[in-house]
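Same protein, same chain, two forms; see structure 1 and structure 2 below, as structure tokens.
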Structure 1
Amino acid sequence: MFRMMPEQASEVAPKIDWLIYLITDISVFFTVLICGAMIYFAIRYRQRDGKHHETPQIKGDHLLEMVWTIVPTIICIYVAYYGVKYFYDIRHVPLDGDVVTVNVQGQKWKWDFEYDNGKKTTGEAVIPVGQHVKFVLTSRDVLHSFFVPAMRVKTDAIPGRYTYAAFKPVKTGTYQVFCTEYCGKDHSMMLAKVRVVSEAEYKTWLDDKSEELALLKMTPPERGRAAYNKHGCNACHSLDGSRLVGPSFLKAYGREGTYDSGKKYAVDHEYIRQSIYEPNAHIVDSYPPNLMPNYTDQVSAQELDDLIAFIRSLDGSAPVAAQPAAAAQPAVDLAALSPIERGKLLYQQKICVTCHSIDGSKLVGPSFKGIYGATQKHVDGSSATVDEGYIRESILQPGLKVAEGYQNMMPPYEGQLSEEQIKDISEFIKSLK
């Protein structure tokens, strides 16, 4: 009864599940026993047709009292022992064996992972199967909690201190990570994935410098755009002048003026550096203060220069969505691919992937999974069924129909996608049931 624990993916999971199911069986047994006794007494000794019958004046029974004190005590000791024993197994990290250490930084509403060789990822950690892994947790702002249900492990991430969550994965696969200590507005969105892969695949992934290589070949504005997406600036600062949580970057560089408070400002290198490292230094009028997180130990000096170059490049002259040349993309014979495959390629090249997932999870924009043919509600209350025309219009002028619960953030792709490419993309979306 009540065997509902998630899959057992870590070495300690079966033991914990055994303990939980042990407590479940004991609890169900005693609840049924005692309630059964109560109901039996109620029926057996009920007042028949409203007349009170004679009852013995039993005041107590020392033997019974002793029995039902000792029996629960024994059960409690037994359960407590196993609780502590398996807690030791959870917390114990073998000092001698090769332990994979991953530094985890919790920050308002995302998890950053950093490996010993300096590789950084956000929202996903890749670890080898069969090896003990130790996630060393800390937080940059408030309390968070690193919880991997499949591994049966949870520890709070506390600012100003290191704590750790350790386990040994025994099954490959992708497992959900939750934040379980309330941390503000998007506490329920602060999700991540732990991907357990084979030893070899983990090695290649760890040494895969392709991302860094690609960056080196790019020009500073292009690297700045990559940093713009990687650090999530796109969630709050648009590129086309439209107002989001923060001011748009379009034609921002070089702008001068005075705030309502009378303080003069000029958007130059120093202004941008301060706004990234001390966000509250410059608050543009009518924008809310202390919302932008502090990026002090996330945006490196190199990335700062790239971002400044990127923002300076947005002076309205070049077309907004100057896509980076797909550098390391092998020349693929497009004609040979089916429309759906071509659509999938475009989906990655035109970085729709950063905002629209294909597995149902909610990112900056709605997920494509199962969207084709469904009726989509919009922010202004209207709704329409998603068909090819709807997709075409959403690609070219996204501002017209914004899905309910989302913000008008999508940059218009007018003039960058041919009709044929749009048809491929909608075929690809149609295929995502």
Structure 2
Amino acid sequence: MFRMMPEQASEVAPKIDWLIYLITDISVFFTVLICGAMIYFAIRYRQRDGKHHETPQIKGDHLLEMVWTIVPTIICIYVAYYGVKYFYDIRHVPLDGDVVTVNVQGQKWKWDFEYDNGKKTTGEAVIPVGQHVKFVLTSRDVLHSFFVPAMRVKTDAIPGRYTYAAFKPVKTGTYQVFCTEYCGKDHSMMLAKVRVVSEAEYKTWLDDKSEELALLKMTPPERGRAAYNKHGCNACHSLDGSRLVGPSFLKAYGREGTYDSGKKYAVDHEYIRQSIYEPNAHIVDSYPPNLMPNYTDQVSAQELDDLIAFIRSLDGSAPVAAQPAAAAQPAVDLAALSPIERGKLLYQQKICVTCHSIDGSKLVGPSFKGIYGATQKHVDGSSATVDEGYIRESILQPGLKVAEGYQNMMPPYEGQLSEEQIKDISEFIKSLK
């Protein structure tokens, strides 16, 4: 009855489910028994023919008293015994044998993972099947809760303290991680994955240092360029002096100017830091406010230093190097592509990818997955069905209708896309069921 628990992927999961189902079945049985008796007596001894009917006077039954006292007591002791036993199994980490330890840091709104050899990941933990795993948890800011339903473990991540969640995965696969402690406006989007792989695949993955080695071989300006592309800065800040949504990075360091408030500024380290972490504190004159998102939770301190080094290197003394990715891309015969394929290409080229996911995850803007044909609510309380006209308006005049839960940060693309290109983007969005 009511067998609705998620997939069992850890050694302890079947035990936990058995106990939960036992408690549920016992609760349903006694609820039906007691409520059924109440309904029976209410009907059996109801007032009939407008007259009261005396009920038999029952002074008590010692056997019945003993039964409904002893039986529930035995059931409670039985359930409590297995509850304590299975709780011990969940919390127990064997001292002998191999235990994979992963340090986990929660932060609004992401999960960071670090392994004993220094390898770091964000949003995904990779662990071997058949080995005990211990996630050592803490938080950088507020209280979070690390919950892996398929493993049947949930533990709070507390600022200034270490807690842990332990289990032994018994099957390979990818399993969802949730934060189950409300931690702010994007709490529901604080997601991650636990990917369980074979021991051989885990060792290969753990020893793969290609990304770290590539970064170590790069200079700070080169790492800054990588961060510039990674975080989508290229969508709004050019490197050649041309004006986009935001000021160009060419010859930006040391440049003097005026905010829209009339206050003077000079671009230095602190100016760049504040522009990334507090982008709306000061707005450069002639540029629109509230378009750049806050990157406090996305750009690390090291990446900030690298971005500053990159911007400083753009002093005009050397031509701006071509983007490696762009140079490597072959010419595309657009006529040979379907509207959906052309729409996908535009989605990537016009940097829609930096703000709108296609897998349902929440970024700066709503995900494109499943949005076509849906009813979109807006911050002003209105709503509309997402169709070709809605998409066209959102691209050309994004400030007219701002989706509920989001800010007006999208730059207008009027003059940058043809009607045919907008139709292709609509077809691509329509295909994302």
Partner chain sequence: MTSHQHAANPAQNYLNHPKGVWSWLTTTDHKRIALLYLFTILLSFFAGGVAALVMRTELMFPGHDLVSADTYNRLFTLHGVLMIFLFIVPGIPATMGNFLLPLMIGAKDVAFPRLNLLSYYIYVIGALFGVAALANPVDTGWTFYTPYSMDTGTSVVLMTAAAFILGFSSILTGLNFIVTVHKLRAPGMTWSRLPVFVWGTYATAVIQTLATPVVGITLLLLIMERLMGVGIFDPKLGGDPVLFQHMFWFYSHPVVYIMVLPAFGVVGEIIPVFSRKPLFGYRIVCLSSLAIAIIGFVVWAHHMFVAGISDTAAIYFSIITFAVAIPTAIKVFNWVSTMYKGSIRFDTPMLYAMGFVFLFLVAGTTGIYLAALAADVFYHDTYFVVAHFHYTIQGGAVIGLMAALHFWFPKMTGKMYNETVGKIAWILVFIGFNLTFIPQFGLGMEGMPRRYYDYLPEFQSMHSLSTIGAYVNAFGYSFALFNLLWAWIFSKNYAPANPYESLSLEWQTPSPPPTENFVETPIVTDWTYGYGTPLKSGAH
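Each form is matched to the other, and the largest set of C-alpha atoms that superpose within 1.5 Å is called the rigid core. For clarity, every value in this text was computed on a predicted model and none was experimentally measured. All residue numbers here follow the sequence of structure 1, with the first residue given the number 1.
- Looking at both structures, it is structure 1 that matches the form predicted together with the partner chain.
- Core-superposed comparison between the two structures: the CA of S139 stays below a 2 Å shift.
- With the core held fixed, Y390 shows a CA shift of 2 Å or greater between the two structures.
- Relative to the superposed rigid core, the position of the CA of D268 differs between the two structures by 2 Å or more.
- After superposition on the rigid core, the Cα atom of I70 is displaced by 2.6 Å between the two structures.
- Superposed on the rigid core, the forms differ at S238: its CA is offset by 10.2 Å between the two structures.
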